[in-house]
Structures are given as C-alpha cells and as structure tokens.
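Laid out below as structure tokens are two forms of one and the same protein chain, each shown alone and named structure 1 and structure 2.
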Structure 1
C-alpha cells in the first residue's frame, strides 16, 4: 500500500465529515460522458526501467521543435532563451523560494517581483501590474471576473477572433460565476471584433491583438465603443514579443491587459508551465487579482519591498478575496525578468523587428506557391493562409517532409467547417532563410 496510505475506515470517516456517501459523489460535477467505462489500455504495473523505456519509445514518435523547420504558433512560440537565464534561475536562492508568506524576510524575491511588475507595466502601457498569474488563458479569465466586479454587470462579450482556448477557459469559469457569455463570429483577415454586440448591460469586451489569426488592429475604436456602453476593454496578448513593435494596449485605451509571457525566458516545455501577465489602471487596483509588490523604506530610511496587496483567499478571508489563484509562477516570471533585463529596451525592439522581418519573408515566399493565399493583411510574426487542400491533411504530409508547417485552424475550431483550409503560420528570430525555403519546397510538393 505504498501509494495508498488510507485505510477503508479512514476513507469512510473522511466521506462522513464532508457529507458524501461515496468517493464518486466527490466527482458529481464531472459530466457522465467524460467517465471511462473500462480501464485504460496500459499494463497494470511495470518496473521503473520498463516504464522509462516505454515512455522513451512514445517520446521518439514526436518531432521535436528544434529538429526541423518550425512554423507552429497559435499561442505558444519558439524563441531563443539565453543559457544564462536557465543558469541563474537554478541558483538555490531562486529555485527553492516560493510564495513569500513572510514577505518581509524575502527581500530578494520581492525585489525581482517588483522589477517584473515594472517590466510588464511598461510593456503593456498600463499603470500597474501584478506579480504574475498561471498563464495567459487564466489571466484573461481573471480579467473578465474583475470587469464584472468593477462594473457590477454580468454580460461578457468575446471577440470571435479570441484564441479558442482562452474563450473556452473563460466560458468554463463564467458558468459557475453566473456570467453571460456572448461571442462574435470568427473570421480570418481583418476579422470580427464583436463591438456591435455591446449593450448597456455589458461588463467588458474581450479582444486579442494580434488576434488568433495574426491580424493587427487599432484597439482605440473598440475602447471608445466599450466605454460608451459603460463597459471595460480587456486586451489579450498571446505573443508578448509583439509589444516590441506594436502599440501597447494601454496606449489604445485598454482597461485591463491579460497576456502570456512564455515567449520571454520560457521555452515551449510541452505546454508549460507558462506565466500569465496581468496589468490594469491604477483606479482598479483594489479589484486586481493576485499580488502586488510595492517599494518602501524601513525605519532607518533604507529601501525595501513589501507585499502591498494580497488579494487571494490564502491571505485574506475568502469572501474578501478577488481570486483563488494559488501561485504566481514565480520561477517562470523570474526567467521572464532575467531574459528581458538581458535584452534591454533596444534589444527587445530589435528582437521584435527580427520576428516581423522573418514573418514577412515567410509570407512573401508562400504567397508565390500555387494553391496558397495569404489572408492576413497586417501582422506581426504570425499570419493565416488559405490552402487549396484541407490544412490538417497538409500539415500531416509536411511532417513526412520534415517540416512542422503551422497550426490548422480546424484543430482549434473543429466545429466551423469554413475553417478547414486555413493554416496559421508563425515565424520567429529562430526561423532561418533555409527553413523558409524548405517549408516552401515541401508545401509546393504537398499541394501539387
């Protein structure tokens, strides 16, 4: 019973305390169709060596991102992370620190969180940022909940061009929070913004820039439209490097910015852990979720850092908490802070410029291929193309040519049949001219 330390008596006692008749009662919110009816197709037990070998065989079926020309994006991006970042975050004073429950004795942790907040506020063009969140999608969800608290309204309008995973995360939480979700229709190219769905009962309009299809847009008219209806504008950014070239959301009238910071300091890592960025206006700071580190002086006038706001339920009474976020992805935001500090302002702008340059090179080359139409008129490092064949099939065939050629829109929007031939293509500073030519050659062959 090495891994099952509780006896049957222990289990009955625990169930009695919480008022459940059986363990199954604890999972009553899980839809019945999600339950397994049989055991999974795995051996009942195996030794450690056997398990390692089996997992290695499964892993070898993957095509690693760095092993072939790579054009996958759609919310997670392959960028260069300097070796110094990983070296520094693995120092014991960083690696072993976690939540500053006694913040006054964790000055080093508080200082880098303060620097992180400053960086995020500057990048997004906002007045205040928190000490990070789980990831971009949950940060967007927290932004929606915050907007509902600020406005006292329950109607949430989502742009149809919001990343489907972000939209789904918001819907999952909204279901239990009593919020009404209204979504615009997705459209590639300049797309749809859903501002026509705003009314006087709307708490916020959530729009992504660059959007899911890669399109860039001016958020100012959307901000004006939202504010006219007494709603807030929530801007979502999935590619934080774009803010090295694109006007920050705060300068275009956004009230809350929720972003994914993975591109800076954090490798793809099979999907996580990532780091959520969250920034807002100073007037909304008391409704901001997460934690806020501030700078002060001690009794002798020396500079110090304090946990100014702790709005999560672990720190204050649950009914006063603005969020139940239980961590701030501390090590990931430290990696973000170190990488951005190494780049500096000029380096960050140059990195963004290089990303855009490589994306333009890629789009121009693909546009010359028969059966390819570039749909995105204005983009940063990601754009959408329409193929003469179903994109999912094309991507599968491209892998046989040792090219990871992007993300089929149908993979993330499977119920929209009009998206079947659309492919989202991303290029970063790691994309070389030879990668672009290999992609073009393989795509020409597959579409022939």
Structure 2
C-alpha cells in the first residue's frame, strides 16, 4: 500500500523490540468480543487510476457552475480565484502543518493570520478580527453568544431578512445555551422590521446586509435603536465582496460583524469548507471566540507572532471558555488572504464594481420579461424577482434549458406561502452578457 512505509521485515523487527508476538497482540486491551478478526465490508485498496476513475464518475453526475449560465447565490457566490492562490495554499508548509502551537517554527502561518486579521478588520470597518471561524453561519452564532456574554442579557432578536440557514443555526445553538430567540417577519425588498422587537432585556439585534433577498440598507438607525436599549448590533455579511462598494458595518454602528468569506479565494465546494470572519471593537476583545494572533518579539528582539489571549479558549479555560472552537479555517483563510493581497485596494473596488454592474445588467434585462418584477430597489450583486409562476418549478424548467437560474425563496422559507413565486438571482464578475441573454431567453420561454 503506497501510503504505508513499513515492510513485513520492519514489522517483525519492531515487534521484537516491543516484545509482542503480533500486531494483534498490541490490541490486547480491546475486549475480545469487540476485536474484529475479519475485514470490514469495504472494497480492497485501490491505485490512483481506479480512485480517479471512481470519483470522476460521481463528479460527472453534477452540473458544474462553470459549465452553464449561472445565477445561484443566497449565501455562497461563484467568483474567479486567481491561479496563484490555489498553487500557494497547496505548498507543503501550509497544507501539511498543524495549528501554530510552536511559534518558532510556525511564523509563516502566524504572520498570514496576522495579515488576515488586519484585512478583515479593514474590510468590515472594525478594530479587531480573529483568525477565522468555520463559516459565516457559525460565526454569526458565536456573535450572538458573545453579545449575551458582553451584555449579560439573554434575549436575541433576529431580523426576518436574515438568511434562514443562519437563523436556524443560531436558534439551534442559542436555545440549548439558554437564550431566548425572537424573529422578525421576512419581507423581500423591504426595510428591516425587527427593531420594534427590541426591549431592555435584549442582548443583540442580528441584521444581514445585503440581506437574504439582496437588499441593501443603512444600519445606522438600527444600531442607534439597539444601543438605546443597551443591546449590541450584530451585522451579518454573506457576500464579503460587497464591502468593496458598500459602506462597511463598522461605519454604521455595528458592534460585532460576522461574515462569510468564501467569496474571496474560495470555491463553492457545495457548501464547505468556507471561512467565517469575525470582527468587533477592541473593548470586547477578551470576550471574543476563536484564535487570535498577536505581534511580539523573540529573545533576540526580532518581530514575531504568537497565538495570544489563549486563556479565553477551551484548551485552558475548559468549561469556562468563550467558545468550544478548536479548529479554524486555516487554509481557507490563507486563500482569502492571498486573493485579497492580489486584489489590493484597486482590484477589490474594481471587483465589487464589476459585480454590481453585472447584477444591474441582469436585473434590467429580466425586468423586461413579461411576468417578472424586480422587488429589490437597492442591491449589490443579488436581487429578488417576483415571477408569474412558482419559482421552484421555474428553476427546475430552467435547468432543462441548461441555465442555473437562482434560488427559489421557497427552498429556504417553505412555510411562507407569499414567497412561493420569489426567486433570488445573483450575478458576479464571471457573469457575461451572453449568460444574461441566455437566462432571459430561457426565462421568457419558461414563463410563457
């Protein structure tokens, strides 16, 4: 077997040194009735050729986004990733290293994490950021738990226009942690309606911008309303590229920003792995979840980086830790860091501008179709349309026309019958005018 270096001779020699009769003998602490004497019912080992063939068969049964006109978003976005990003993250020293617990021989990881933290703080307009979470939804959940710690309150208000998966993820964890969740009513293309739910017992208001339906809004009145009640504003961003065009949450009064960073440097991957971004104000830093990298010096006075404020974390604080998180999204945040380094100030604004441009083009073209109404007046790269037919059926029929035409709201909000005909449509820098035309043609046909 190609991954196993020991030969039979090696094994015999080593067993001799150990003083065991056989490898089975080393498992003698296992209760005999639980020790397998036969192999499990899986196929036998296979060479690279067979493995590639087997997996390619499965991969070929999926429709890759790049093979068709593609308008699917709602929390994950198809962007271009420069070739050097994927090359660099596969360098052995990044791919096959562990969490940087030995800083003397992990400065590479520690320094890029420090750069990542800086980039995230800059993008979100916040003061500090951590070294990443699993994804946007779990980052948002951690933000809610942190708001409860900071305020000492137990009531959480969620915007109705928060991504339904995010809302469910938050609810699942917050309720078992003893918090009360109150949710506003969803409204496509409309302003936030959850602020009236705030009261003096509220720990935080969680608002997404652009929201689930793609709408943009000024968070300032919401943060003012939250702060008046002694609550924090948690801003969720699922499309981080938007911050190249849109005022960041930090400039609109957000106290914590929880975001999905997949759009920069990371492929769609059918939902994971992604990279959660988490940023806040300096005064809350000791209440943050997750790893933090800090700058320091070594014994010779040279600048270096270390994991710091570790007493917040599970390996020291155990049941009193700020979070149980251990693994972060190392390679995904490296991909983010490299891609954003390549983009820089100019590239990032340009990228965001292109996304907005293609979405405006798409919205304007679809609006011309009979049976299509664009509901979102202001948006970044995603908007919601109301169709004359149920959106789920339309999307299925578009698939037969070789167009992946967006996400029917009913897939994520199946109980709200008023949402049945709503379709969320996303465009990015990869959307071409001919993609838009193909989509419009197919949609016209399907709606006729």
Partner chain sequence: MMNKQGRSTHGAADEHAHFETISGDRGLDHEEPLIFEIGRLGKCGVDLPEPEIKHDRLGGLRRRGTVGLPGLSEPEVVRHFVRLSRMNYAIDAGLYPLGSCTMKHNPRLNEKMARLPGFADIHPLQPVSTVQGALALIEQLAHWLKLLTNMPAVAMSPKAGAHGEQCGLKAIKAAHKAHGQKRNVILVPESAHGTNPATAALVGFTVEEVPANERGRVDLAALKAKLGPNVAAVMLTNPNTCGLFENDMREIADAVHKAGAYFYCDGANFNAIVGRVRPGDLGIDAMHINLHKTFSTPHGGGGPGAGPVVLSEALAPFAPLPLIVHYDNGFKLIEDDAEAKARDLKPFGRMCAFHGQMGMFVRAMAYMLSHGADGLAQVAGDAVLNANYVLASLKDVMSAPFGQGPCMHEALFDDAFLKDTGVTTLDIAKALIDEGYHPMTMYFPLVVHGAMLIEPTETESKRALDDFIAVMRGLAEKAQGNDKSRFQGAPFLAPRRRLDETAAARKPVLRWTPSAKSTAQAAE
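Residue numbers count along the first chain shown, from 1. We call the rigid core whatever largest set of C-alpha positions still superposes within 1.5 Å between the two forms. Note that the structure is a prediction, hence the values are computed from the model and not measured.
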query: Pair member which, unlike the other, is the form predicted on its own; finding: 1
query: Is_shifted residue 389 between structures 1 and 2 (CA, 2 Å cut-off, rigid core); finding: no
query: Core-aligned C-alpha movement of residue 15 between structures 1 and 2, 2 Å or more; finding: yes
query: Core-aligned C-alpha movement of residue 199 between structures 1 and 2, 2 Å or more; finding: no
query: Cα displacement of residue 42 between structures 1 and 2, once the rigid core is superposed (Å); finding: 13.1
query: Following rigid core superposition, Cα shift of residue 53 between structures 1 and 2 in Å; finding: 7.2
